[in-house]
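This text opens with one protein chain seen in two forms, each one given by itself as structure tokens under the names structure 1 and structure 2.
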Structure 1
Amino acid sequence: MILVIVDHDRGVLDPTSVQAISGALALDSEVDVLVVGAAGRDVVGELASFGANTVHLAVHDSVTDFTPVASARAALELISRVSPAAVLVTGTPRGNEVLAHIAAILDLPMAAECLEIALGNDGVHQVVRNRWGGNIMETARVHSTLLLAAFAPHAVRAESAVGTGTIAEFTPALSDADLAVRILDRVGEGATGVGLTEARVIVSGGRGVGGPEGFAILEELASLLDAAIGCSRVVTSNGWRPHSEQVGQTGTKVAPDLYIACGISGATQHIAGCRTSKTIIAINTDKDAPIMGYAHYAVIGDLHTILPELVAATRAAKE
């Protein structure tokens, strides 16, 4: 049996975390699911539609919002009761965090960012996992009786399946220390504007833009295309744009229909965040920049000359 831990935020299921159920069902027909918190009851029906049969619901008076160590303790209690062969999650920030607490407490290895998982029956398992934001893949052996692994987000597709969604409720034993780290508040909720991850079009700028003022023309183009602004790390580390706009390995991963990279060289760490864009257009003075190996179309030239003309022509075309 495989135990999958899924995540919800105040009763709203995290759709990415469900991918681990489909991933687990491909390895074993018996998959139990753990949900922590009373509000988790609201997501059980949805979990059943992904094939979940037994859903263990850990409920505790002191756990009213995400509490990572409490989630790990609940999982540990369940692990000793149901003895799974593996505990799997999707590697969302919370999924990785809870799994790492389990690994630390049990002093067992943990494999994050997995694309493929093969359970061995001799305490040696094999995984293929992302390194460098997915630019490199590692084949690794995990030496552990209990396999602890996180699928990379979107490594497996969440498939609908029919499960019974039978609730098995329990109250985990928790100490004060298990409750010490928890969400106390949220700020900035309900902010509006086209977010980077939802945008169909992204106009992105790099060092070639030259400074914060240089982004004015990118913003004009963005407003004509209903696009969000993105940027490279050189731009954020110079303080030209906020980090929330950074695309890449340590920024945001995006997959828009159109990604326009202006004055961006195409370092692998930047590409890690935009490689799955449907169409990439590069505007760059250097015809040999690495971005040329990833872009579908390119314009060789100075963005400061090209963009004003492109804005004017796009505006005219829309009229």
Structure 2
Amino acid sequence: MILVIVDHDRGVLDPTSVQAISGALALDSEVDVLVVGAAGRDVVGELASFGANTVHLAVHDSVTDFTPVASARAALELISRVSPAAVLVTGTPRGNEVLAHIAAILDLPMAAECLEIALGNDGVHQVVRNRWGGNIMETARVHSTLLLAAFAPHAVRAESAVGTGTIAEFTPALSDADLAVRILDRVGEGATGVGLTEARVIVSGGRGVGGPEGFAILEELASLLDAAIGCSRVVTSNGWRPHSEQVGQTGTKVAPDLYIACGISGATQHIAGCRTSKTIIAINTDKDAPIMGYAHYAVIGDLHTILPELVAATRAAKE
């Protein structure tokens, strides 16, 4: 049996976390799922549609939002009871954090950024994983009786499957130290529009946009395409856009049907975040920019001239 830890945000399932369920089902027909927090009850039906059999729901009065060490402690309690062959997550920031706590407490190795996983019967497992921002793939052996591994986001496509979705609720034993790091409150502007992780189309801007005001035309195009806005690291570093929109190794890894990169040179860390897009269109004045080597279509020119024409053509096509 394989245990998969999935993530939800106050009862809304993280769409990338279920990818680990599909990855686990390719390794073992019996896959259980751990969900932490009472709001996880809202996602059980959805988890069953991805093949989850028993959904272990860890509920504690002090866990009302993301609490990483508490989630790890709940997982450890469950591991000792069900003895899985592996514990898998999708390597989102939250998924990686919880799995890293489990590995540290058990003093076991953790394999991150996995593209492929092969379980071994002798405690020696093989993984293929991204290294150096996805520029190379490493095949490695992991020596551990319990494999702790994180799939790279979008390395596995989430597939529908039939699971029983049986709920097994328990209250984990937690100490004050387990609750020391947790989300207490959320302030600021709420998220609007289409999120990066679930967006089928992303319009993304880089240094070439010129400044925060330059994103107005990108937002207009995104609105016409029902797309999300993305950006490069330099854009967030300059304060032009929020970090939540950053695509890259230190931002969000995406896999849309269409990724339109405007004025983005294509640094290694950015390519690591968007290279799994089905189609990449790059708009740049530099025909030798690194992103051109990954783009399916390249438009050589000034985005400030090209985008208004693209917006006009898109609007005309929708009328």
Ligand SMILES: Cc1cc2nc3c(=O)[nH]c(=O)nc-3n(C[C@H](O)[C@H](O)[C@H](O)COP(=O)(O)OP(=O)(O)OC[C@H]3O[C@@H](n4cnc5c(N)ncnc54)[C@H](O)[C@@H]3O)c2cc1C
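For residue numbers, the reference is structure 1: its sequence is counted from 1. Keep in mind it's a predicted model, so treat the numbers as computed, not measured. Only the largest set of C-alpha atoms that superpose within 1.5 Å between the two forms is called the rigid core.
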| property | result |
| --- | --- |
| Correct structure when looking for the form predicted on its own | 2 |
| Cα displacement of A216 between the two structures reaching 2 Å, rigid core superposed | yes |
| Core-aligned C-alpha movement of T67 between the two structures, 2 Å or more | no |
| Core-superposed C-alpha of I260 shifting 2 Å or more between the two structures | yes |
| Per-residue Cα shift, A298, between the two structures [Å; core superposed] | 5.9 |
| Shift in Å of the C-alpha at L310 between the two structures after core superposition | 10.6 |
